[in-house]
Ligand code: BDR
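Only one chain comes next, encoded as structure tokens, the form predicted on its own.
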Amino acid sequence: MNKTSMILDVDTGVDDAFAVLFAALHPEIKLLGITCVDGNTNVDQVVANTLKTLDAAGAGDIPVARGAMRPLLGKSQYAEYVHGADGMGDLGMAPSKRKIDPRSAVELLRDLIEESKEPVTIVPLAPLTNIALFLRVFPETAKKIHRIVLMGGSASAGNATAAAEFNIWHDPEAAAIVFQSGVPITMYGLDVFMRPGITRGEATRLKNATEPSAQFAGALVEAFIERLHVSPITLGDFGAVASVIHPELFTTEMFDVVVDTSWGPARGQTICDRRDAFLKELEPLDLVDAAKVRVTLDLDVEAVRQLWLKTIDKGWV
């Protein structure tokens, strides 16, 4: 079986954990390493949550590195009101005994890409601070990236603000650097983010399963539902990972995209030029610093849901 070599960049709250579990367990993914960044919660808590998630997955020795502790500009804006004070549902889980990799996030990215004999896909599920720093610090290694498939942005509305999605809004300058890097980018954003979900009943089934990964996932889903008073609850970031190995389940389209880095009400918006070609010809004014980005617009919701469930719980039918 050919495996996809992948590096995750995370700010592990609950839905990042769904994605980490999936990437660590799926047989078609070779998870080379994970870099952690300030986002849903502070970076030290992100590291702790990521290590706990790898424990639940029964993962091998996957290097995890600490990255940026704040955005390039401005201050951190955490989402603990969604993910809990610990960023992972306040489940009171014991600390992991895994050791953090001594390298910084950008150093780990460099080493893993340079050492890989296969093309490497980076999947950022967080603010893009680490990735922007890596592109700036190690530009020659950056040229070897196969592609970036990121969870972030929107071709429609926002969630952190009316215009902006949280990951891009948290560090728009970093996002602009990444989008303009020339690396092939697929954006898995709010247009599809909320659609694959898990119900309270499915969470109960997972908690009663025999595998630790399923029990852990079920507890996370249940905590998420209790906190947000919503069922089903979104699988969120996982969809970006799934789209790498099963692109046939997703519908994408190429657009010119600009990240708004102004300090006005649209800060962090991903402006997608969705005009028909003939309108562009009639009104040829281009977006300044636009990048060609493949944007995910639709997906096979049930197939994507079942992909996650059957990977997390081998006994799922």
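Position 1 is the first residue in the sequence shown; the rest follow in order. Worth saying up front: this structure is predicted, and the values here are computed from it rather than measured.
Below, we turn to the form predicted in complex with the named molecule, even though it does not appear here.
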Among Leu128, Leu109, Ala217, Met151, which has at least one heavy atom within 4.5 Å of the named molecule in the predicted complex? Met151
If contact means a heavy atom within 4.5 Å, which one of 166-174, 179-187, 139-147, 115-123 is the stretch that engages the named molecule in the predicted complex? 166-174
With a cut-off of 4.5 Å between heavy atoms, is Asn40 one of the residues that contacts the named molecule in the predicted complex? yes
Whether Asn159 contacts the named molecule in the predicted complex should be assessed with a 4.5 Å heavy atom distance threshold; does it? yes
Residues of stretch 235-269 in contact with the named molecule in the predicted complex (4.5 Å, non-hydrogen atom): Asp237
